[in-house]
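Before any questions on binding or motion, here is one chain by itself as structure tokens, the form predicted on its own.
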């Protein structure tokens, strides 16, 4: 089976960077266990700590605050399920637009979920967050607040300054899903309010199967996998040195060019408006990370469009890859008040470190063919 010619789904997973591939292969050539005290073990331990320092630098964290996990989903689950237990949380406060990993982890706690709505532009209603914090104080409930920084479907950037100001000074726990923010926005975990933060390797060009939970010292008791004491007792299981090394190499190589990304998304949005004046760009009035266009043309279903684009060698998505297997309405768009029939038309185009203007042009050419076929078939019907 041939590889698709144009990859436009970086928010699902970004292609492996050459630096990450080299680091992974170098680690695979080594023998041993990083917990062993002999020379072979020490060589592997050095690789892990080099990776930890690089990931910490990208996230604005101290190396000791970085706990490597098997994925961002595991980091999220450790933060929410482990955090709810460690901090004796009485309820989970989260937005209606959270990633499935956050929603499922909150469900797994068995605690009441206090949901914060999104506005029509995809921004979390922070006045409602403030109201929930007051309610929690009135009722004597300790909240674990779990919110995303950048939405994986729309690219909408949440107001972290205000979230920090609202939750940071309180007795409540703040967890931030920074998976889509890492590598796109400046992170300063060590100096900011969140108690915990999750990031992922394969979103920035490392290999899949590695994530990290960033934890402040007072959150260091958060556990999920006890195991044999790895990661300073914070996450058991023999470390995957190759994946950690690749994560570190990708973090070191990560240079997000906001202007270049915005030029690509602007090109796509301008092209879509030219060929389909009734197109809707979701979240366009909000601040966005710059690499995503989530749009819908009324009457053009995403299943049909994705199939047509795929046959042309263009890989796009209808939303979160972790909710795939399904093609249909996004819970994020529905939470923004988008009608279901329009949400069923939504497509997401996301760019990354190796995307080019030619990729954007190829997408526009392909989608124009999809529209032409739709019009032709509609007339034939």
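Note that the structure is a prediction, hence the values are computed from the model and not measured. Positions refer to the first chain, counted from 1.
We do not show the form predicted together with a small molecule, though everything after this point is about it.
- None of 95, 180, 294, 291 but one reaches within 4.5 angstroms of the small molecule in the model of the complex through a heavy atom, and that residue is 180.
- Between the small molecule and the residues 214, 144, 72, 244, the one pair within 4.5 Å by heavy atoms in the model of the complex involves 72.
- Residues with any non-hydrogen atom within 4.5 angstroms of the small molecule in the model of the complex fall in just one of 198 to 206, 250 to 258, 158 to 166, 128 to 136: 198 to 206.
- Proximity of residue 76 to the small molecule in the model of the complex falls within the 4.5 Å heavy atom cutoff.
- The small molecule is not drawn, but in the model of the complex it has a heavy atom within 4.5 Å of residue 152.
- With a 4.5 Å cutoff on heavy atoms, residue 99 counts as touching the small molecule in the model of the complex.
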